[in-house]
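One chain is shown next in structure tokens, namely the form predicted on its own.
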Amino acid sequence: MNTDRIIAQFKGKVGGFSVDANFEIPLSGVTALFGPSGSGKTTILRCLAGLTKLPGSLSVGNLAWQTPNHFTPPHLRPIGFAFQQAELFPHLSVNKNLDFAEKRSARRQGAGTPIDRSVIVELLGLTHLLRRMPTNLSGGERQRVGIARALLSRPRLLLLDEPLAGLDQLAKEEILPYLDNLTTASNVPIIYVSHDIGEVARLSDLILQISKGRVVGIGPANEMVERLGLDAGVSLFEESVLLTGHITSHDKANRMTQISMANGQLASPIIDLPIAHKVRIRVRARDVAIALEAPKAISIRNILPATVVICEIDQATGSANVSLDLGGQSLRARITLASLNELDLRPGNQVFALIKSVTFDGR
């Protein structure tokens, strides 16, 4: 048995919905199940947890949780599960909710390595919340407590089912940095379900694209984010790529961070990470313009030399997708068809990519 992989195969029906999912993923890092609402992401996650039973098989490292002749019930699987709505005990304080998780972990078969409670409390920013009751927590705070409780149950696998889906944008922005810290520092493999490409791009190492109960694509996050931008499942507004680099300096006065890449420096809103730290930056195609010469006296901070790789015309929208090479990294620009023709862009042209804004998207 492969001790560092999750190998899953489920085939059957849940009500009128058919599932035929077959995949093998590392037992490490963050794997995202991505797809539109109703695609079967949560159903597959529930099969992993044992909450939904379909014919098939499942092995997690050296543990066989499901075979044709055996099915490990959910309460005996060493998993942590955080739902869209944090299921906290309303009569217990945050501290006592965490106590419950630790006591439960001692009774679980095959539980993972104990996690230092103080580390989890600090990673998820819970120190000042420990005495509070769940009714006195914001949505983002409840989710953080729910994730901490799931981790303190000593899981071999942490399952997060759209944990940000019920939060407004402000609450999402509040909790995402904590999830960044968690995915970077935790040794517990995470499977993260979301229909939000921004979340997936920021948090995941590997992406499984789910459609109609099937896995229709799988690959590293940087490759899949670009590929997903060409599919109907992601709007043209959200087409994007991930760029990687290293932090070289911080300008605290102007709240900017400089990131070094192969072909130049990229300016980002300030990132609270040390110099030389490797980072991943998400750039939307709609935020990239193209110039034949480097412009002067312009507010755009990021002007990088690039080579045109391919131009794809979308007659229906009167636009074009232009793939660019940035010293070995890929960038995409969505421009009007009129601009494509006026600039006479062709593969091999040397141009300048003008990146209007960027989003810090993780490790």
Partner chain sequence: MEYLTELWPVISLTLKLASVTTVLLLLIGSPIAWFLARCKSGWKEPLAALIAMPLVLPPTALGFYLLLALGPDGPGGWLANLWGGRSLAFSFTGLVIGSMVYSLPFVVQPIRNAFEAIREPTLEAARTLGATPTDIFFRLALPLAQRGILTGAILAFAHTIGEFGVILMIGGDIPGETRVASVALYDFVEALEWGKAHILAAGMIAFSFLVVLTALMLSKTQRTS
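Numbering follows the first chain given and starts at 1. Take the two forms, find the largest set of C-alpha atoms that superpose within 1.5 Å, and that set is the rigid core. Because the structure is predicted, anything quoted here is derived from the model rather than measured.
Keep in mind that the form predicted together with the partner chain is missing from the display, and what follows is about it.
You can rule out all but one of 115 to 123, 216 to 224, 89 to 97, 203 to 211: in the predicted bound form, only 89 to 97 has residues with a heavy atom within 4.5 Å of the partner chain. Of the residues 190, 193, 79, 179, just one reaches the partner chain in the predicted bound form with a heavy atom at 4.5 Å or closer; this is 79. Residue 101 is the only one of 261, 247, 101, 281 with a heavy atom lying within 4.5 Å of the partner chain in the predicted bound form.
Contact annotation for residue 240: none of its heavy atoms lies within 4.5 Å of the partner chain in the predicted bound form. Interface membership of residue 149, defined by any non-hydrogen atom within 4.5 Å of the partner chain in the predicted bound form, is confirmed.
Proximity of residue 74 to the partner chain in the predicted bound form: non-hydrogen atoms within 4.5 Å are present. Proximity of residue 313 to the partner chain in the predicted bound form falls outside the 4.5 Å heavy atom cutoff. For the three marked residues, 268, 286 and 330, no heavy atom of any sits within 4.5 Å of the partner chain in the predicted bound form. With the core superposed, residue 283 shows a C-alpha displacement below 2 Å between this form and the one not shown. Once the rigid core is overlaid between this form and the one not shown, residue 274 does not reach a Cα shift of 2 Å, moving by less than that. Residue 259 shows a C-alpha shift below 2 Å between this form and the one not shown [criterion: core-superposed Cα displacement of 2 Å].
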